[in-house]
Every structure is written in structure tokens, then in C-alpha cells.
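Starting off, we have a lone chain in the form predicted alone, written out as C-alpha cells.
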């Protein structure tokens, strides 16, 4: 674990996570910005990144979607927001590692925003947990109760809520963090030119999980069960669907969900991050060993967060694919894929050393790790 936060993690999880917001003063006392507004603007010109400019002039809101060729949209009180920065910058990925007390599969991405004085995106609600880390400058944040909210959309692409009575009203300085659970309205207004780092999380809803199940079933060549009713009896009306028939239909879905094949495919789909790694010059296992023996290290691709599950101790789920390895190495794999880097000594702890080298040779050749 690389967590280095000025925070009692156990107390935070028990008291605040998904329960209520809180301000964590001086949470990252050593934090310095690894990006400025000019570099952020450069990222907003990249088509691979989702970016927006949200501005307000004379009480009129506007939303401009990137990628940007110029920044003429930055008028009045404006904010530039860029999503998924952790997949492009090593420093951003390292920042995300500070929050690895939350499981990988729950992590979404890092959004960085720059705003001028008076700017914000208006009072709004997020359907996910978020840590708001203050970089340079300062912002005033107000957080309200999740009850009695009225939604509105002042312009297409911008969802807000009506003003609320704050339960938290604070000013964040560099290194401070505001944690906000899902559904709690919040509104940030910049006091001085400001960078904000939003560490966001994901929580699939029933619609998304249903889509996962449908996608899984469409890939199955065998084992698909169809409704049968060999014990059909005479009904009082052909329009009536009996309770037993309805239960049988629902049970077909339960059987599909409880199948181990779906569990494995669900983990595979949860690991999908939309990463497009550069394919390295292929190496073989012997060459990899020689490099590590000479002092080289393996570094994980920025933003890459693999998944493991004890039910499938020979599977590494990564970016929508499965890499197999010896189940003997499962405990060590849990450790290695969570480290910032891997050296020869780490590999030597493997119960099946040959297998661990073969596994990471595959991962290097696919671009998820590099020497």
C-alpha cells in the first residue's frame, strides 16, 4: 500500500465513507501541483481526453465540449475541466495511489480543473463518491443535505440543483481535501486562480449490471437455458400469468447470475478501463529476468488498476482481458500488482518463480508494465 494521507483511514471508513461529508485539513501536507493551467489546457486539446469549459457571464451559463483548438470559450467566470488525467500522467496516477484504501474496481478517474476567481459549475449533485483535493489557490465549498433537492438544467450538458442550506461551509487551501458522498449537493466557488483535483469513484447501478449480464449471455455458446413448462395446467384465463410461471422466469435469470462463468465475465468487464497501451518491443522471459537481475524495475502503466478475486486464483483481470497465472502465486500477485514498481527481489518471493516471470513477460508485451 502506498497510502500517504494525513488521515485515520479506519475512522474515515467507519464514520464518513458513503455516510456524510467531511473536511480533511492538511490531508496532503507534502502536496505540490504537478501540472499548471497551461499544461492542463494542452491536455484539453487531446482527442483521447474528455474536456469541457463551463462558464458564466451575466447570469448565463454555457458549456463547451473539447477537444479544443483554442480557448476562446474561456470568457467571464470560467472553469476548464479535464477527465482521465491519471491515464496520461505518471504523477496523476501516483496521486490516485494515495487513495488505494478504496478497492481498484471502485476507482473511476482523476479529473483536474482550473478556475478563475468567481468561477464554479454551480450547485450540483454527483452520483458517486469524490475527494476534492485543493491545489494552488483557494476555493469556498458549500455542502448541503441530500433531502428536498430540486433539479434544474440551465443549459444542455449542465445539471444543477436549486440553492441549499449548507451543513459545511469552508475554504480549502492547498493540500486540504473535501470528501463528498453520493447524493450530497455541493457548490464550489473559486477565490483565487485555482486547481482542483477530483478523485472520483464508480458504483454500477442495476441498469449497468443488467447490461453486463446481457453482454455475458450474448457471448455464451453453450449452457443457455430456455423456459419450459412440462407441468402446465389448465388456467382460468389465457391472459393470466401465474405466480409460479413468473417465478420460473425470474429463476432463469438468477441461474445465469449465479453461474461462475458470469462471475468471471463480470470481473473482466469491471476491469475495463478504456486504456490503449503502447505495445512494447517484445521480450521473452529470459530477457526480462536478465534486465531485472541487472537492477531494472517494472513500472505499471499510468492509470492501470488490475483486479484479482480469490474465487479465480489463476486469473488477473486487466483492462477487459484475463491473464492466467499459477494459483500458487495468487498472494504474491495481490502484492505485486499493487506496488508502484517491481524488482528482482520481489519476484524471488514467488512460490512458482518461472510462472511469475512468464506472467509479467506477457504483461510487459501487452504494454501494461514496462521496464
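Computed from a predicted model, the values in this text were never measured in an experiment. Residue numbers count along the first chain shown, from 1.
Separately, the form predicted in complex with a small molecule exists; it is not shown, and the next lines address it.
Asker: Choose from 271-279, 137-145, 255-263, 93-101 the stretch whose residues reach within 4.5 Å of the small molecule in the predicted complex, heavy atoms counted.
Answerer: It is 137-145 that comes within 4.5 Å of the partner.
Asker: Is residue 108 close enough to the small molecule in the predicted complex to count, meaning some heavy atom within 4.5 Å?
Answerer: No, residue 108 sits far enough from the small molecule in the predicted complex that none of its heavy atoms falls within 4.5 Å.
Asker: Counting only non-hydrogen atoms and a 4.5 angstroms cut-off, does residue 216 reach the small molecule in the predicted complex?
Answerer: So residue 216 does not count as contacting the small molecule.
Asker: With the partner left out of view, is residue 193 within 4.5 angstroms of the small molecule in the predicted complex by any non-hydrogen atom?
Answerer: Residue-level check for residue 193: no, no contact with the small molecule.
Asker: Please determine whether residue 121 contacts the small molecule in the predicted complex, using a 4.5 Å cut-off between heavy atoms.
Answerer: Contact check for residue 121: yes, within 4.5 Å of the small molecule in the predicted complex.
Asker: Let me know the one among 85, 292, 132, 301 whose heavy atoms come within 4.5 Å of the small molecule in the predicted complex, would you?
Answerer: It is 132 that has a heavy atom within 4.5 Å of the partner.
Asker: Within 4.5 Å of the small molecule in the predicted complex, heavy atoms considered, which of 198, 285, 77, 160?
Answerer: Selected option: 198.
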